[in-house]
Structures are given as structure tokens and as C-alpha cells.
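The chain below stands alone, shown as C-alpha cells; this is the form predicted on its own.
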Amino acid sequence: MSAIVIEGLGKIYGPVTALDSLDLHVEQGVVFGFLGPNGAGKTTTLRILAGLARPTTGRAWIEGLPVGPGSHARQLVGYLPEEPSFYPWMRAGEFLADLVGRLYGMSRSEAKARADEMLVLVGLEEVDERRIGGFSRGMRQRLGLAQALMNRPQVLLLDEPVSGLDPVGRRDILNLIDELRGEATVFMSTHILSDVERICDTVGILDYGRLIVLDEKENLLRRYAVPVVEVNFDATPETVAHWAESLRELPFVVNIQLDGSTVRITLDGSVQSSVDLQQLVLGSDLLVLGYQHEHPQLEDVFLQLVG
């Protein structure tokens, strides 16, 4: 059964078409990755599903209930915007218990218990009495996730949920989202493709307001698999970068990624491209420490589809 259903959704802001006849079904209990370039319409979609904006055309449902500012579907949703805002004079525990909990109709004792539970869950239990105005961006992001989970939502809408977090914080939040699989349907918009590849079951890619692909992650990687070669040189990163730049204009080279003295080269899939690349590597006059074909990554698929 689908937790989220979108049919013909459109949103126009003056001369700008943010969404163009978007159709989408997201099954219950999955972690869904919603990808797209900046301005593709991801945030607009999330705001409509959260009941914070009205579509120009089309309809959407959450757990069978129509979405909208006055819909009961809002009680089933937890929403984390990309840059959550708070009253800076409030304390973290006070914000969750006295404001968020009461907005959801919880009793004072229930709201306090749930707030304490959420602060522990997101790693803010030691700063529950600090004023939010003194929080770092990463701490505000954690608090935003805590408020999104206060009502035990059936559908969790996350817009760039690990934005502003350090590597440890990002790992912790991604692990938490991963653990929600089956308990809630997670609809996650992000630009960090490795995070989507790590925890998402299904992936949708949006471009210019239109859904251009929707599939399970593994099917997507197989369907759009492209040959990728990783070459490790015994040379300075500057020398390797100079050599790699000479490849960018070649017609069979789709993408190049540099990591120190290692080059990751995405090819166009033709048999001849592999042969030509081998000749270029051998003719580089650089000492080659490793040459191997890699498994395709979501970033390769994304670049292939949206450029």
C-alpha cells in the first residue's frame, strides 16, 4: 500500500514552474530518496505534502487522506525543513515539551516525557536547558529532527536532514533514519548522493519539476550502469590533476573525479572506450599503482540523467 500518492501535481510561482505534472507513489515503511539539482522542485513537493503550500494543479494523499493546510493528514506527518527556525530565547526541552507537544494536543506530562526521549535520541540531552539561540547549525538540525518525530509520525518528510552536521553527526542521524525503516515512511530530499546510496530503498530523481526516473536503488544502479575505472598513480596530486584535465574533452569520457593521486573515470559504455583509456593511462608516463573497474555509484546515475 502506498503511504504517499501524488497525481498531476503542479506548482507555479509567477513565471516559474516549480512542479510540472508530478506523479509519484511511495510505499509504506520505505526510506525514499528524493534527488534533483537545485531548483528542481524538491522543497516545493515537501511543503505541499506537509500542508504548508497549496498546489496549482493536481492532488496528493498521505495514508489515504488528502493533503492541505486544513487536512487531518498533517497529524500523521513529521516535517523537517532545510533550515528549521526556532524562538532563540527558548530552551531545547521547553521548545519540544511546551510548544511542539502542546501543538499536537499532548498532556503536559506526556509532552515532557516525549521531549526527553527525543532529546536523547538526537544527542541533545545534555543541552536541554540551553537557549536555542546559542546552538550551532548542527545542533539546530538535530533539534529540528527531534520536533519532527515528536508526534510519532507515520510519514516523515525530511528536507536536507544532515545539512550542517559534522561527519559524526551525519553518521548518527543517518543511522537513526535507517532504524526508522518499517516504523515510518521516510521521504528524504538531499543533495548528498552517498547518503541516499547508503540508506534509501527507493530513489526518485526530479529535474525541472518533472520526475525523470523512479525505481528501487539496486535496480537503478543496474539499469543505468556505466563503466567506471579507478586509476591510482604514484605521482603528485597536481601532476595527476593535470593529466586528468587532458581527458575531459574526450567524447567517451562522461565524468572525472579526483581524490589526491587517484582518478575515477566514468566512460560512455562503448567497448572501444575501455581500450582507448588503457592506452592513455599507459602513455601518461606516470607510474600506475592500480587500475580497476569499479561498481557504478548513484552519483554516476545522477550525472548521466541530469548532466
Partner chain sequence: MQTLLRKELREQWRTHRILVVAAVLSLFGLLGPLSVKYLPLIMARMPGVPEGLAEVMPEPDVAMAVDEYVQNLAGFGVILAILIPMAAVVGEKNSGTAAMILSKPVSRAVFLGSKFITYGLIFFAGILLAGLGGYYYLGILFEWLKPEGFLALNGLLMIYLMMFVAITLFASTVSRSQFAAAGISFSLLIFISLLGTIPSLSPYFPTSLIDWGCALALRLDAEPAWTALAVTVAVTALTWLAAWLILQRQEL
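Just so it is clear, the structure is predicted and the values come from calculations on it, not from any experiment. Residue numbers count along the first chain shown, from 1.
The form predicted together with the partner chain is left out here; the points below concern that form.
Only one of Ile265, Ala50, Val26, Ala60 comes within 4.5 Å of the partner chain in the predicted bound form through a heavy atom, and that residue is Ala50. Residue in contact with the partner chain in the predicted bound form (any heavy atom within 4.5 Å), chosen from Arg152, His191, Arg223, Arg108: Arg108. Within this chain, Gln147 lines the site of the partner chain in the predicted bound form, having a heavy atom no more than 4.5 Å away. Residue contact check for Glu94: one or more of its heavy atoms lie within 4.5 Å of the partner chain in the predicted bound form.
Contact check for Pro84: a heavy atom falls within 4.5 Å of the partner chain in the predicted bound form. Proximity of Val100 to the partner chain in the predicted bound form falls within the 4.5 Å heavy atom cutoff. Remark: of stretches 71 to 79, 178 to 186, 115 to 123, 204 to 212, the one touching the partner chain in the predicted bound form is 71 to 79 (heavy atom within 4.5 Å). For the stretch 20 to 43, the set of residues having any non-hydrogen atom within 4.5 angstroms of the partner chain in the predicted bound form is empty.
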